[in-house]
Each structure stands twice: as C-alpha cells, then as structure tokens.
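This document opens with one chain alone, in structure tokens, the form predicted on its own.
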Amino acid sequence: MATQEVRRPYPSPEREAADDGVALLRYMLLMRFLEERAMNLYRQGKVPGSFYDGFGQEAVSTGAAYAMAPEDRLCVLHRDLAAHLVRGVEPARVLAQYMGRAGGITRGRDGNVHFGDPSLGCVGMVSMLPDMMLVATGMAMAFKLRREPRVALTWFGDGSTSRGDWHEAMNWAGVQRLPVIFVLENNQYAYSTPLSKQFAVDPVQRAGAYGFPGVTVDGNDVEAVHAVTREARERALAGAGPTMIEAVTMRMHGHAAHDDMRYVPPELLEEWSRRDPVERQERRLAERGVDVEAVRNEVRAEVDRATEEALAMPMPEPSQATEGVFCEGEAVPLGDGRPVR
C-alpha cells in the first residue's frame, strides 16, 4: 500500500514556498501527463467507454487536496485526478483503472473514472452530480457525532448547483455547522451551457443564505487554492462549520473525449490558455530558483514507467466479476487504522 503523501499545512510560509510549491507543481504535472497518456491510450482503443479529463483545472484538485490531512476524507470527482495522486495512489494503478485492468483501483469492476481508494481516504465517485455533496455532508455529520477532529471535502461543477440535492446538502451542512468544505469548480460551462444561462446569481453568494461563508479564489493559482482551503479546514476544525470555495477556472477540453466543444468561442479559450495553472506555477518557481525542467523530466519519466507497468497488467478474470462488489464479511482497516464505517 502506498504511503500517504498528504501532510498537514506547514506553519511557515517560507517553508511552504520552498517545499510545497514544488510538490504542488509536481502533482499538477503528474495529473496532466497521466491524462495526456490516457487520452492517447483512449484513441488507441485501450480505454473503454469515453474519457473525461481536467486539463486546465489541475490547480483546483491539487491545491485543495494538499491542504487536507490523512484523517480527512475526500469525495473526488472525474476532473480531480490530482486529489488521488496527492493521497498516494500510484500512477500505474490510475492508468490500469482507465484501461479496466486487474491492477486498477477497482480491479476492473467500475467505469474508468469511477474510483476511489478508501484505504487512502478517497471515496469512489458517484457520477450523478452533485450526489457527492450529500456523501461528504453525511461523512461530516458522522465526524461531528463522534467528536472526531476530521473534515470532509468534495468538489462539484457549476452546473450541479442548479440541482435540488445540492441545496439539500448546503442546507443541512449549514444547519448542523458541519466540518465540511464544498469546492465549486466554476469552469464556465455545464456541458455546453454557459454560466449566463445557468443562474441569475453567482452560486458562491448562495452560501450566505445557508448560514456559512462563500469565498472566491483564482482556480488557476494552485498556491491560492491551497491557502484558502487550509483556512477553511482550520475553520471547520474550530467548530465554525462549513465553507464553500468557488475556484474560478476553465474547462479547456470538451465535456469528454467525444465532445469537440465547438460551442466555446475560440477567443475565450485563447484568453484562458494564457492563464494556464501549470505554466503559472512553473514561472513562479523559476523565479525562486527551482529547476523546473528537471521536475518536468522526472514526472515524464514516472508516467512512462507507469504506462509500461499498467500495460503489462492482466485483464480481470470474468469468473471473479462479482467479487468485492458488495460488502461481505468483516470491516477491514483503513490506511490510518480506522475501521471502515
């Protein structure tokens, strides 16, 4: 089992800038290079179904996940691959998951982006958005009832804020003052529907109506996302309740691999391409004296090794298709020693 790499936030801004800044870049690069490789595998017919990526949104999942502690729980969505990587999921297992191999996170028993390793504190994705809002709220309710100093966090898209279950989760979290963080990935489009046709008020303003703060952050600045999430976590642990974070970003690829996104004005993509989160962090670190090219080469080599390992993994045995699908027997311990519950 992989060692969890996620850490508690450093108290020193200087050390954060020196150490965490490089780690944040590394996870964003790892997400981007893995998804690029997966897209190539998809085009080769090795990834079944369609494929969903988070190109251009890497800072949102990286910054938020990196601010959380091992005992916290993350409800991760399909454009938030970096969250799995921060928690310690090996790249080869991710690629194997995409290809339905036996070595994937769900061992070939679920869709290519429907996965989560509970031993690392990640909840498997429910694709009917924003159902993971309700899952995170329920987990936070359990933490509160047990008086455990833990926080739940989930991501969701702007389109999901128009659904009733989103409002139910917001209301219950506010009423109960739960230790939960809601991260809105405001990526400008709900499939092909632009923001202007989705709602009359920015969703972050709705948080106040449910009794807790809503804050907006530049979703393409990974260090800013990390900082605001850390503050929200500290607030939750202090008993002050939930926080909604609106990370303003852009979905630079189509809704999925089958979507040519012709509905997006080219000038909008050009504007956001100049705000690329990976390039932004690279420039920042280069100014601090970091050898950015060395980091890129290291991550590229890691993805190459992971690809070879994943391609060598066998497909699952059809006779074992129902094993591990339903809960059977006794609970098994999680990676932090807590029972599954």
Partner chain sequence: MTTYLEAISDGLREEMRADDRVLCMGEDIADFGGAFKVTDGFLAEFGPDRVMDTPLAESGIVGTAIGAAVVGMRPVCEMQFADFIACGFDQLVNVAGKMHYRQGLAVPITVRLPSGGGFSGGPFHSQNPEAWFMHAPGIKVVAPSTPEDAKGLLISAIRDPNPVCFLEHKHLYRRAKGEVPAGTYETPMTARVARPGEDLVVIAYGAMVHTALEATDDLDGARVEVLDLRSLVPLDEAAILDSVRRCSKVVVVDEANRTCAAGAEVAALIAQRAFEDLDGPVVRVATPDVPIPFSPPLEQAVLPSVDRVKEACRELLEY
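Residue numbers count along the first chain shown, from 1. Rigid core: the largest C-alpha set superposing within 1.5 Å between the two forms. Everything numeric here is computed off the predicted structure, so don't read it as measured data.
One more form of this protein, predicted in complex with the partner chain, exists but is not displayed; see below.
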Partner contact for M139 in the predicted complex: the partner chain, 4.5 angstroms, heavy atom
yes
Decide whether P70 counts as a contact residue for the partner chain in the predicted complex under a heavy atom distance cut-off of 4.5 Å.
no
Even though the partner isn't displayed, in the predicted complex is M315 close enough to the partner chain, meaning a heavy atom within 4.5 Å?
yes
Looking at the partner-bound form in the predicted complex, is G111 within 4.5 Å of the partner chain by any heavy atom?
yes
Can you pick the one in T249, Q97, T229, T154 that has a heavy atom within 4.5 Å of the partner chain in the predicted complex?
Q97
Based on heavy atom distances of 4.5 Å or less, which listed stretch (233-241, 220-228, 86-94, 122-130) is in contact with the partner chain in the predicted complex?
122-130
If you apply a 4.5 angstroms heavy atom cut-off, which residues in 132-147 are near the partner chain in the predicted complex?
L134, V135, T137, G138, M139, M141, A142, F143, L145, R146, R147
Quick one: once the rigid core is lined up, does E323 have its C-alpha move by 2 Å or more between the shown form and the other one?
yes
